[in-house]
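So this first bit is one chain, no partners, the form predicted on its own, shown in structure tokens.
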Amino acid sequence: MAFARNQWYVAAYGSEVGRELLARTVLGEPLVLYRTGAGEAVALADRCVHRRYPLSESRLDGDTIVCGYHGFTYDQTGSCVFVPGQQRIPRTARVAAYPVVEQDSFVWVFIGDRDRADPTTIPRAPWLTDPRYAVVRGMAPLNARYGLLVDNLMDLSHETYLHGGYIGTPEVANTPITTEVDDERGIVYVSRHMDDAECPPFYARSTGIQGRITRWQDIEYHPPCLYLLHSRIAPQGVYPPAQGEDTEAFHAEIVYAITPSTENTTYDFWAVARDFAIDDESVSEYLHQSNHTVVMQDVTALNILEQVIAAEPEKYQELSINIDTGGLAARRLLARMVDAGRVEATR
């Protein structure tokens, strides 16, 4: 599967990156991440230039990495500052250093031409560090291509069938969607507004609502990496006021960072931020456990689907219907990004 290069991707949560060396592979490129003594996150190519030994299997000495095989030592810019047995350091003794930005609890790395790395293009998920919200989070690796996870998240009708008993109810699959594409900004919007719906356990237990609800799902997909689901939950018939804050509803900001690792593996970073019961640890524990279960249901299904696709003949013809308009739009924008990266690479 082709990747969109010259783009920012989430490699880790900030809390994962510290004084221990962390290995991640993004777009097929092995990375080692760590934090300097001053707290700056660093991402280097995870291969010693000498004999390709993984630097993630080595050790930190101050802010430098000492290769665990022959002792080649690299600073945070990727430059080799020591080689064994001689004083002269070869001019080519360096590893790639990747642009890194920490934002909204994520560590973003830029994969491509580092001169094109513009931090202002990184999409935001501000709820993840907003003290007015409580956040639960996690990460699940998939043995499946990242396009399958994009398809999964853009079509939430699967909640009815795959996630019944957690977040799925009949109304999710039965309610039509609206899809809009902002081609200039490269964003796909998908909305599903359920006026009268069953309240799934995920929200009944966390909000305390008894009875039926008005449930809105508003998706923003910022390809290639960031997916936002704005979830509004309220007692049935309660809608946002024409003016002022929407204080009668409960809001959950559900965030996914979808990072391709290899052609057939993906990192699924997920988080749920809520503006209700923010000091109730029991609600946090319940939402973390429930969303982890939902994510793992997706992981199981997508891992199976990957095996099916890998074994099927080429040019298998899919059937798409109205619920797929968001996913098809996402595929189109991703293909455009892939093509743009290829053109830039030839310049």
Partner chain sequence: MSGPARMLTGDRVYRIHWMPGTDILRGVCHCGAERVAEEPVELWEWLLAHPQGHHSPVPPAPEVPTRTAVPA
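Computed from a predicted model, the values in this text were never measured in an experiment. Positions refer to the first chain, counted from 1.
The following text describes the form predicted together with the partner chain, which does not appear among the structures shown.
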Please pick out the stretch from 126 to 134, 245 to 253, 264 to 272, 210 to 218 that is in contact with the partner chain in the model of the complex, where contact means heavy atoms within 4.5 Å. 210 to 218
Which residue, Gln76, Thr73, Ser231, Ser191, is the contact with the partner chain in the model of the complex, using a 4.5 Å heavy atom cutoff? Ser191
Taking His163, Pro170 and Asn291 together, does each of them reach the partner chain in the model of the complex with some heavy atom inside 4.5 Å? no
Indicate whether Ala93 is a 4.5 Å heavy atom neighbour of the partner chain in the model of the complex. no
With a 4.5 Å heavy atom cut-off, would you call Ser320 a contact of the partner chain in the model of the complex? yes
Quick one: does Leu21 come within 4.5 Å of the partner chain in the model of the complex, counting heavy atoms only? no
Would you classify Met139 as touching the partner chain in the model of the complex, given a 4.5 Å non-hydrogen atom cut-off? no
